[in-house]
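Next comes just one chain, in structure tokens: the form predicted alone.
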Amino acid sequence: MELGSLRLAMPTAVLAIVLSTAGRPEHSGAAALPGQDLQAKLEYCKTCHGLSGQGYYGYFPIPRLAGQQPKYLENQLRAFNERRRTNPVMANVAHSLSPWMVAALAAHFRNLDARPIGGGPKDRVATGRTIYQEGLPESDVPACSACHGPEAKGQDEIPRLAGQLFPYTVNELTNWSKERGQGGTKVDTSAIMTPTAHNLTQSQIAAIAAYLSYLP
């Protein structure tokens, strides 16, 4: 939480989501989510994730959210709240969010288009590109592009990987089974990545992460 606190302009799409919640039966008569409440949450989010959702490249890397798939973001916020994904900071943050706030935040970050920070070792990019596009058949690692798309933009609950911070991707793939899919009987789509992450060496993980860190 190292970045400044300049005001963010609320995108029209997010405002439409907020206003459209009024009168829905799930609200049980409650007023629509006030715009100032959404703005306050965005101010809080940007102190860690950056003014444009670009992420924070420091001692403790904070992931890029700009351009992320809304369904993926919504699922991950629920995962933090339900303890399917371990992160003490985000568990507390997610616990306080209403379903309407979750949807509004996800829509906001989807519409951001920050430049990638890069930072991965450039001598590993070519190897990472090959693994991403072709996989490692000898290690039972499928091509990343098969799910995440040729440009790593993701779809629905499959996350965007393009532009993700190098150390964050390395950390997530290294600790996948320790941090995700912890929900016991709860269905968690993250489980599909467990065998792939397990079959990657640290060198291969670094190569993939380096390649992704430079993708726009």
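Start at 1 and count along the sequence shown; that's the residue number. In this text the structure is predicted, and so the values were computed from the model without any measurement.
Only in words, not in the display: the form predicted together with a small molecule, which the text now covers.
Participant: Give a yes or no on whether every one of 61, 158 and 168 sits within 4.5 angstroms of the small molecule in the predicted complex by heavy atom.
Facilitator: Yes.
Participant: Answer yes if any heavy atom of residue 41 is within 4.5 Å of a heavy atom of the small molecule in the predicted complex; otherwise answer no.
Facilitator: Residue 41: yes, in contact with the small molecule in the predicted complex.
Participant: So in the predicted complex, does residue 87 come within 4.5 Å of the small molecule, heavy atom to heavy atom?
Facilitator: Within the cut-off, so yes.
Participant: Please determine whether residue 51 contacts the small molecule in the predicted complex, using a 4.5 Å cut-off between heavy atoms.
Facilitator: The answer is no: residue 51 has no heavy atom within 4.5 Å of the small molecule.
Participant: Can you check whether residue 142 is within 4.5 Å of the small molecule in the predicted complex, heavy atom basis?
Facilitator: The answer is yes: residue 142 has a heavy atom within 4.5 Å of the small molecule.
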